[in-house]
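Starting off, we have a lone chain in the form predicted alone, written out as structure tokens.
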Amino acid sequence: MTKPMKIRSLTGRAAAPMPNGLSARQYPLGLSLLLIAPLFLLLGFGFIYPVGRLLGQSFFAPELGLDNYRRLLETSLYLRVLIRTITVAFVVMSASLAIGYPVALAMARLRRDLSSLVMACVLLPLWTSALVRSYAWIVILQRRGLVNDVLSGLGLISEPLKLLYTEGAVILAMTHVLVPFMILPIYGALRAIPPDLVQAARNLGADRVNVFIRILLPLSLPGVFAGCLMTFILALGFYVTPALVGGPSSLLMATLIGQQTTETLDWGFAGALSTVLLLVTLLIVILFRKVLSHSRGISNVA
């Protein structure tokens, strides 16, 4: 059997041996561009072109100018919808964190067979369409739904409560859909923590509360920030669940953009709304990155 040949890279360091004796750094530039060309074509035609065209229409429809953005800022309704969208996304993120962190912590501490069972329960909703889950919440929360029937059967209410087409129903349904995206990053961060750290802390006299506050929580912050960022961004642009479960009083930006493109056919104003939502999302991503880098600096100092 021949041993894999070591090849030195351009920097003079020995590259990692590969079965065929070639290093990844030796691929020609033309071949590398050819390999990544399908990805760039898919990204360009499937994302950059349609988004760029929609954003461009916000400045050129009906004519060149900022009329669409001026209309957005001068109408209080659209500003309220934007603030409501950010508020609902923050509440959904907080609820997902409150539900997801204990589940992820339990998954990281359970035996492998039980952890696999809980993981299957977490992943099972992802195999079901968000449209189906939204309709399930309609069945549960409607005036003759499961919740009102149970409360009426127990004698707690005399007439059905209005649970559907409210902001609370939107938050509940969106949290149910997005909580797996919070659990999985936190679970990955907790699984990466060496068990020896926890055992050493317990041997030194630390109780479970101190172990969690001083070891588990700080080391799991990257997973927490990743889950919060993913959940928050998905909640900002969520369309199906708010459109089905929410009503006129709980209108969100994604639903408003959909109305502008399908009902009023005002593509210029829809582009302006999309641009503002995109800028808010980018600002939040930058803020999350700043907070994450700051937390890493604190942990390094500690």
Partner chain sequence: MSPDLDFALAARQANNEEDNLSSRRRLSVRACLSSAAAGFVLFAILLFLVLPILIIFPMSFGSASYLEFPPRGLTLNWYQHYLSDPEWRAATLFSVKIAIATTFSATVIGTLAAIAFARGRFPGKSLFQALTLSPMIIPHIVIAVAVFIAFSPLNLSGNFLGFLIAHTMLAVPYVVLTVVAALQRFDTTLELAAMNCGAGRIRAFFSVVLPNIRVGVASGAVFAFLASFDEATVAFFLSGVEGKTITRKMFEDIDFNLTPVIAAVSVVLTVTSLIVMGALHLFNRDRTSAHR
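Positions refer to the first chain, counted from 1. Values in this document were obtained by computation on a predicted structure and should not be read as measured data.
The form predicted together with its partner chain exists for this protein as well; it is not shown, and the discussion that follows is about that form.
Leu110 is the sole member of Leu110, Ile157, Ile83, Leu73 with a non-hydrogen atom within 4.5 Å of its partner chain in the predicted complex. Interface residue among Leu151, Ile99, Leu161, Ala226 relative to its partner chain in the predicted complex, by the heavy atom within 4.5 Å criterion: Ile99. Annotated contacts: Leu33, Ile36 and Val103 all touch its partner chain in the predicted complex [non-hydrogen atom within 4.5 angstroms]. In the predicted complex, its partner chain lies within 4.5 Å of some heavy atom of Leu278.
Residue contact with its partner chain in the predicted complex: Ala254 places a heavy atom within 4.5 Å of it. At least one heavy atom of Leu43 is located within 4.5 Å of its partner chain in the predicted complex.
None of the heavy atoms of Phe60 is located within 4.5 Å of its partner chain in the predicted complex. Contacts between 118 to 142 and its partner chain, taken as any heavy atom within 4.5 Å in the predicted complex, involve Val118, Cys121, Val122, Leu124, Pro125, Trp127, Thr128, Ser129, Leu131, Val132, Arg133, Tyr135, Ala136, Trp137, Ile138, Val139, Ile140, Gln142.
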